[in-house]
Each structure stands twice: as C-alpha cells, then as structure tokens.
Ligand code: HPA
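Below you'll find only one chain, the form predicted alone, shown as structure tokens.
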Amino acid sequence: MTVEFGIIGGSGFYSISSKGVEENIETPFGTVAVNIFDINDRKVAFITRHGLKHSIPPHLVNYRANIFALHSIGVKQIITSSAVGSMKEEIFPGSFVIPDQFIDFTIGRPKTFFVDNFEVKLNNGSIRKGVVHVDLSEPYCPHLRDELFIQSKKIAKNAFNNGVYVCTEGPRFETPAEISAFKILGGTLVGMTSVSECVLARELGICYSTICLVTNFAAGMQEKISTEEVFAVFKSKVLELEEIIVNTIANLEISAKNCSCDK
C-alpha cells in the first residue's frame, strides 16, 4: 500500500469527516495508529498528534514514530495543524497563518533519526545513514504552503501568508518576558509542536507544511491564557480548518511541485 499524503491533526483536530480504515503501523520508534482514506482518489493517512482524548502533551509526543510511520507507507507530503498564540496585534484569535520560518527553543525531545548508525531508504530511492545534515533554508515546503494559502483565502475570513513559528518545549505556556524576547528575535507565532515534525520530515525527504490556527494572543498581550479559551476558539474554527486541508490536497498539482525537500 502506498499513501501519497499525510495529515497530522493537532489540538482540537482529532478526526476527519472522511471514513477510512484504521491501521497500526510498526516503526523502529513505536506503533502508530493511522486512519487511511481517500480525497479525490488520493490516498491520505491521518494521525492524531495528541491522541483522541488529548492525552499526550507536546513534549511527550512520539514525533519520530509519527513521521516514520507516514514515511513507511510511502507518504511524500505532510500537512499538519497547529494551535498557536499570536505575537502580532494584527493577527488575532481565529486567524489562520501559514508560517515559512521557525526558531527552535525545545530542549528535551529527540530531534533527529540519525543516531546509532541509523539507516533509511528515502521514498526517492536514495539511502541516508551516518552523519546527516539537512538544509532548512526553506523549512516549510513552498509547494504545500502556496496551496494552503490559496485555499485559506477562499474559506477563512482572516488568513496570513508567512510568519516565524517559535517552538517552545511546553507543556506550560510562555512568560511575558519570553514573549518579549521572541518578538525581538522576529517571532510571529508561538507553539509547541510543529518544528519537531518539520525537521524530522526533512531528514526523510518529505514535504511538510503546517497551517496554524491562532487561538489566543501570547502571554503579556492579554490578561490570562487558559486551555479552555484555546479549545473554544479551535472548536469554532475546526470545520474551516478541515475544509482548507482537504481542499489543499484535492487541488495540489503534484506534477508542478516547485520544491527541493527530497534533495
């Protein structure tokens, strides 16, 4: 079985309307449950990042198992969703953002496949092993990003192209002082997940992009941040989010792919 596309659903995005087949995929890093279905005759695999009951916090997500599971069934393009805080007044809760860069402040999670002489065959047929350095000049696939933004503008009231995703370790929210520092560094959004997946996907030559749903302003820009607020905003926008991702996959021109993610 070969599956072309993968979706990883973040906080509040635990399933998709299309009915599919549940499969457990064995990987060197653990077993991953995936739901496989069709979008416009294209095979798609869906993974719930935090579990169906949101039981896995961001610092304990098995990122390597999730990405490797998608790789092992042939996935070449991954789209994910992320709940984020905004560090820009003009990007308010309920907005969608397609980031193009990131800054990584995670500290305790595995960040690479390539330890202990790990070897893997990429889906383009090449072999990677030993010491592996990957180029992240364009960390998020421009091919996926372009189509995500096109579909976002059609569906969402507020959609923004480009932005710097600052990834923190979690599970706590950030302090106002940290947010002030991130702003100085050029941060646009703050979250806890996307960067870990993005780097691992690039190591396996997989196109990766995320669509961020702003659920709150970052610490210091509003009185208080609560998980209840985050989930309430996400719930109000999850159908739009699903429509954007489904339409993106349905309309992608695979033959016109203008990226070098698998090089």
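Values in this document were obtained by computation on a predicted structure and should not be read as measured data. Residue numbers run from 1 along the displayed sequence.
Form predicted together with hypoxanthine: not shown, discussed below.
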Report task. Could you tell me which of 97 to 105, 155 to 163, 118 to 126, 185 to 193 sits within 4.5 Å of hypoxanthine in the model of the complex, going by non-hydrogen atoms? Result -> 185 to 193
Query raised in the report: Just to confirm, residue 215 within 4.5 Å of hypoxanthine in the model of the complex by heavy atoms?
Result: yes
Report task. Indicate whether hypoxanthine has at least one heavy atom within 4.5 Å of a heavy atom of residue 32 in the model of the complex. Result -> no
Query raised in the report: Heavy atom to heavy atom, is residue 84 within 4.5 Å of hypoxanthine in the model of the complex?
Result: yes
Query raised in the report: Just to confirm, residue 174 within 4.5 Å of hypoxanthine in the model of the complex by heavy atoms?
Result: yes
Report summary line: Heavy atom within 4.5 Å of hypoxanthine in the model of the complex, from candidates 225, 238, 36, 232, belongs to 225
